[in-house]
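Form predicted on its own, single chain, as structure tokens, below.
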């Protein structure tokens, strides 16, 4: 499946947001995910199915002082 992830072309065989985050080694607790301009709730990461051509944007939360 071909996706656009944060502006870059990404080829993967995974089917859900949760699996994509796992493949990219991103902690799902510290990230917000948007697919095709719609924000995906964390509770839906495991059940939200990605489709060929989807555009995925991810923003990591970082702490600082």
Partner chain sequence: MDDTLIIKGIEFQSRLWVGTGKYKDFDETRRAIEASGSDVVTVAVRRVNIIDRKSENLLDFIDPKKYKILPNTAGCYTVEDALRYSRLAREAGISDLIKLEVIGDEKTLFPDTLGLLKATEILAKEGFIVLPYTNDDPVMAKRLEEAGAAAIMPLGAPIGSGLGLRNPYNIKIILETVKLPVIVDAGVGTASDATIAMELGCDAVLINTGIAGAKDPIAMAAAMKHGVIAGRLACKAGRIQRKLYATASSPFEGML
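Everything numeric in this text was worked out from a predicted model, so none of it was measured. Positions refer to the first chain, counted from 1.
Form predicted together with its partner chain: not shown, discussed below.
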So, residue 54 and its partner chain: in the predicted complex, are they within 4.5 Å at any heavy atom pair? no
Taking its partner chain as it sits in the predicted complex, is residue 24 in contact with it (heavy atom to heavy atom, 4.5 Å or less)? yes
I'd like to check something about residue 58: if you look in the predicted complex, is any of its heavy atoms closer than or equal to 4.5 Å to a heavy atom of its partner chain? yes
Wondering, does residue 2 line up within 4.5 Å of its partner chain in the predicted complex on heavy atoms? no
Interface residues of 11-43 toward its partner chain, as seen in the predicted complex [heavy atoms, 4.5 Å]: 24, 25, 26, 29, 30, 31, 32, 34, 37, 39, 40, 41, 42
